[in-house]
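Form predicted alone, single chain, as structure tokens, below.
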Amino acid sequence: MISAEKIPNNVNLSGNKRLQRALEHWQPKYIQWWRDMGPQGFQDYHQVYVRTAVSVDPEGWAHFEYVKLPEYRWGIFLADPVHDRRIGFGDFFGQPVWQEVPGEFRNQLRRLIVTQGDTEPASVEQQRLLGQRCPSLYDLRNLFQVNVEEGRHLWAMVYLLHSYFGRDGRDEAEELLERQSGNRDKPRILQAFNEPIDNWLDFFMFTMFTDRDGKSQLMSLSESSLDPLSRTTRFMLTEEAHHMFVGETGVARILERTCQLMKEAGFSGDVRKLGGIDLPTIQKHLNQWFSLSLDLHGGEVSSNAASYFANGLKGRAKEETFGDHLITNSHYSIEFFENGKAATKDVLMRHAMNEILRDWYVGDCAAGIERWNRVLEQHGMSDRLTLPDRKFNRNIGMYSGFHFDPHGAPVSNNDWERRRLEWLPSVADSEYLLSIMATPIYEPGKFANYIAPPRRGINQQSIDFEYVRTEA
């Protein structure tokens, strides 16, 4: 069970007074960051019906209650240890996992933890104004649930930095609160986390695609030979599932309402005239967030990824499902783009670890798109949403610096500039979305015109439950 200390935890924090003091010193800085950069306008006078971790048992791990956001019980929760756990891949395969950081891998592990940790507060910063444009109290509550759990995931990474990396780790923890999403001088490390999210279609696409990248990265880190990192990310995955649920069902509900409005218009009028979100706009936002999230996996051929695998720091998602855990001589086919033409080449599989993880990610995204398309099918629509080719709109890896259409065909710089806004959101698209989201919906059971209600409420509550309430 989780302790009821000043910092809730299941790591016996009170048994390490030096670490406890260090984290209690960091805690008020975190709360100040939350007040400054967290949800704006909802800090002190609103109570939110959120779930809070009270256990790391897969069943019954969360408790639901009303809390003020700054009073949410963030803490440090590691999944239960696995008895006699062994390293599952790489050059140390079969040896006991590590409980401390080996000196020779200190910098690599710190880099992995900092990069993961940097994404967590970034998304809170990106979404800080969305509450003022929410389509319902149900959606407002889901936004805040995502936000507080991203904050807790930051705590998870800060605990590792403080516990295992000494002064360097403490300095890195301070830096995690000093960088800011979109800040020109001190931006977040990864570009997708510097993109603005000022409308709810972007938010749903972010939680569908970018949080799904988060899932794939956490799955690979959960294989790590550093057992505290593995246990930390295993519990984070328990919380991450809800974030993707919010994104996938949010877009599905927009599609549902779009289909209803199209029928009202007799399939001839512009859905925007009825205040809905048209399918081309949904597709363009899909294209943007999928391609941004593909970049988060890194370059297709990577010596860093090879080193992480060899040293047992970061494995493949679901490593136990693979037959060969050493892959010292195995190869992987990658489509290169050279001299204006595609050419398939074999590379050492260890150097293709980013691409292998991207394969899992693309497959998982494709399954989600199929579920969205079933909404269109159920309404008798012939239109379908599609994932763009993985070469489209890339800024990281071998395809950056070139232009491709959503089908993967190369296009010239001139054609890209001429047609880019056919494929990606325009200023006019953003202005339209903001216009239909200008008036927030704060009445229980009411929903904005552009989105359908969910099929069911949260934690067996009704759809018209008061998920966020204002203190009298």
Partner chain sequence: MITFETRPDAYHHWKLTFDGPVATLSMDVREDAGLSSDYRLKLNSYDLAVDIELADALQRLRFEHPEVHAVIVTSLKERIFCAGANIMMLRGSSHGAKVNFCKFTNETRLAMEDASAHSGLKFLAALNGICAGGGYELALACDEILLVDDGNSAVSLPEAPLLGVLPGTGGLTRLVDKRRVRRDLADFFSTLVEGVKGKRAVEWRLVDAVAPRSRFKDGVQARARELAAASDRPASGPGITLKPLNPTVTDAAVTYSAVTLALHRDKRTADLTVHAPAGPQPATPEAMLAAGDQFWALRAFRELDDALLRLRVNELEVGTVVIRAEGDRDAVLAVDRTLVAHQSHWLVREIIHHMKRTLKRLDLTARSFFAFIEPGSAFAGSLFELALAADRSYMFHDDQEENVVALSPMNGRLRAEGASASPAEARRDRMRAEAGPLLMSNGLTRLQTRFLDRPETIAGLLAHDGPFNAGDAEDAGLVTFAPDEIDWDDEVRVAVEARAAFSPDAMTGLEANLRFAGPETMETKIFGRLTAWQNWIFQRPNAVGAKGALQSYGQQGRPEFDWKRT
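Positions refer to the first chain, counted from 1. Please read these numbers as outputs of a predicted model, since none were measured by experiment.
Just so you know, the form predicted in complex with the partner chain exists too; it's not on screen, but the next bit is about it.
Undergrad: Find out whether any non-hydrogen atom of residue 21 is located within 4.5 angstroms of the partner chain in the predicted complex, and reply yes or no.
TA: Heavy-atom contact with the partner chain at 4.5 Å: present for residue 21.
Undergrad: Is there any non-hydrogen atom of residue 106 lying within 4.5 Å of the partner chain in the predicted complex?
TA: Residue 106 belongs to the contact set for the partner chain.
Undergrad: Going by a heavy atom distance of 4.5 Å, is residue 174 a contact of the partner chain in the predicted complex?
TA: Flag for residue 174 set to no.
Undergrad: Consider residue 170 of the chain shown here, and say whether it contacts the partner chain in the predicted complex, taking contact as heavy atoms within 4.5 Å.
TA: Residue 170: yes, in contact with the partner chain in the predicted complex.
Undergrad: To verify the annotation, which of these, 372, 332, 360, 165, has a non-hydrogen atom within 4.5 Å of the partner chain in the predicted complex?
TA: It is 165 that has a heavy atom within 4.5 Å of the partner.
Undergrad: Among the candidate residues 397, 102, 228, 187, which is the single one with a non-hydrogen atom no more than 4.5 Å from the partner chain in the predicted complex?
TA: When the partner chain is considered in the predicted complex, the option within 4.5 Å is 102.
Undergrad: Choose one stretch from 144-152, 122-130, 94-102, 317-325: the one whose residues place a heavy atom within 4.5 angstroms of the partner chain in the predicted complex.
TA: Result of the contact check: 94-102.
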